[in-house]
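Next up: a single chain in structure tokens, the form predicted alone.
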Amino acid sequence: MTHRRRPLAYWLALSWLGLIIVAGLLAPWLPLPYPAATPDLLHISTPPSALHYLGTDPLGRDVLAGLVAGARQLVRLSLPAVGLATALGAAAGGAAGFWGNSRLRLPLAVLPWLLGLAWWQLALPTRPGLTLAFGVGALALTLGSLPRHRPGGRAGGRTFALPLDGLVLGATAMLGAVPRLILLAALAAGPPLSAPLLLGLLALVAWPETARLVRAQMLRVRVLPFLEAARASGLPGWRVWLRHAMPHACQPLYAFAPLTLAGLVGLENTLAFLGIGQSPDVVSWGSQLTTVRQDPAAWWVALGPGLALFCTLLALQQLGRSLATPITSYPKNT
């Protein structure tokens, strides 16, 4: 008889991440003596003392309160971003792998709406004649897609094949051609962004890797016998995709999501270190580290945020590695 257990490093990583998440969630209610963004001008760059347990930075801000604020940034920004990127990447990659370029057929009437949406997204110029021609074409396509009676009594409208796989691969290749930090810095340059907009930008640069992983898994899953049986039983395609194929194609995400979160935490703190995308009064581990340049002798300013960031990234790497490794079995009597 054997028991299964995780290595000690897994539990240490899980404990550290749990501590960070609890600190981030309870940050507004923790009995901290000083707010993170409020400077104490009488104590600037002071080492750890009974008044400031971890010292103050060159701006007079309490380092301990800044550490808690950094944990809150992870909870309110990085965690939702990785959830959004994982959901978007899984849906796009799963759909591309399942339907490919020819299996997803849409009514012809949908085509003008897709073209109109692309026109609006690209902010292309509009002219009265062009708009009239577009409307006439859309009406013709809509009428052409109306159901018609076919020999044998069946009715069906005209459809077209959506090249979903090509669209997803093209989008991931386009986003992957530029390093994520450069792309994010270019998109976030300018005035400080709101938290939802920065969250969306983080998700935008993170979803392609998840999409490529799920697409590769879906190419393997879609030819398995149980999916052929589901199709043969007459289930709709979307139901076979959602209820039977996606749970199997998304299994690697349990180990991949912590690695994605590690990447986003590093990106978010790098932007804060560079002073891009966030308001100066938003305190995070990256913004704390950047104040060391004003007083390089204040080692305590770099120690706390540096250790917090290093341990968090290390814990996420260990968590992803442990989830990707089968659980070790050992005899019960040992």
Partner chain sequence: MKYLSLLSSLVLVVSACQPDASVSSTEAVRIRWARDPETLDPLTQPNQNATDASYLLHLGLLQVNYQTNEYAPALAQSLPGVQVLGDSLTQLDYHLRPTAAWDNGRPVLATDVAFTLKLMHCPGLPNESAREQFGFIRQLRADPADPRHFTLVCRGQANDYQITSGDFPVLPEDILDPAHTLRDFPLSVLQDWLPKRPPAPAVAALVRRYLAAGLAKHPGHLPGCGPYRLAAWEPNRRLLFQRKAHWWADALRPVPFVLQARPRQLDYLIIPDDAAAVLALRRQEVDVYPHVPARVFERLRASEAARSELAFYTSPSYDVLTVGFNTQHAALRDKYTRQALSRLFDPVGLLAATQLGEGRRTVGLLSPTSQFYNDSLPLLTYAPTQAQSLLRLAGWQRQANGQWRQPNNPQPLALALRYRADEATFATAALQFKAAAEQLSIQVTLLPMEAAMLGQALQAGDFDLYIRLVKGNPFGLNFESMLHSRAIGSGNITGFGRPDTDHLLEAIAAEGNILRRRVLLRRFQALLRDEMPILPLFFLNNHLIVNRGLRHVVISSLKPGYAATALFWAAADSTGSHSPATP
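Positions refer to the first chain, counted from 1. Quick caveat: nothing in here was measured; it's all calculated off a predicted structure.
We do not show the form predicted in complex with the partner chain, though everything after this point is about it.
Partner proximity in the predicted bound form, defined as non-hydrogen atoms within 4.5 angstroms of the partner chain, places exactly one of 55 to 63, 264 to 272, 22 to 30, 299 to 307 at the interface: 55 to 63. For residue 47, no non-hydrogen atom is located within 4.5 Å of the partner chain in the predicted bound form, even though that partner is not displayed.
At a distance threshold of 4.5 angstroms between non-hydrogen atoms, residue 289 is out of contact with the partner chain in the predicted bound form. Contact annotation for residue 192: at least one heavy atom lies within 4.5 Å of the partner chain in the predicted bound form. Contact check for residue 68: no non-hydrogen atom falls within 4.5 Å of the partner chain in the predicted bound form. The candidate spot formed by 38, 41 and 294 is fully in contact with the partner chain in the predicted bound form: every one of the three has a heavy atom within 4.5 Å. Residues in 214 to 240 all lack a heavy atom within 4.5 Å of the partner chain in the predicted bound form.
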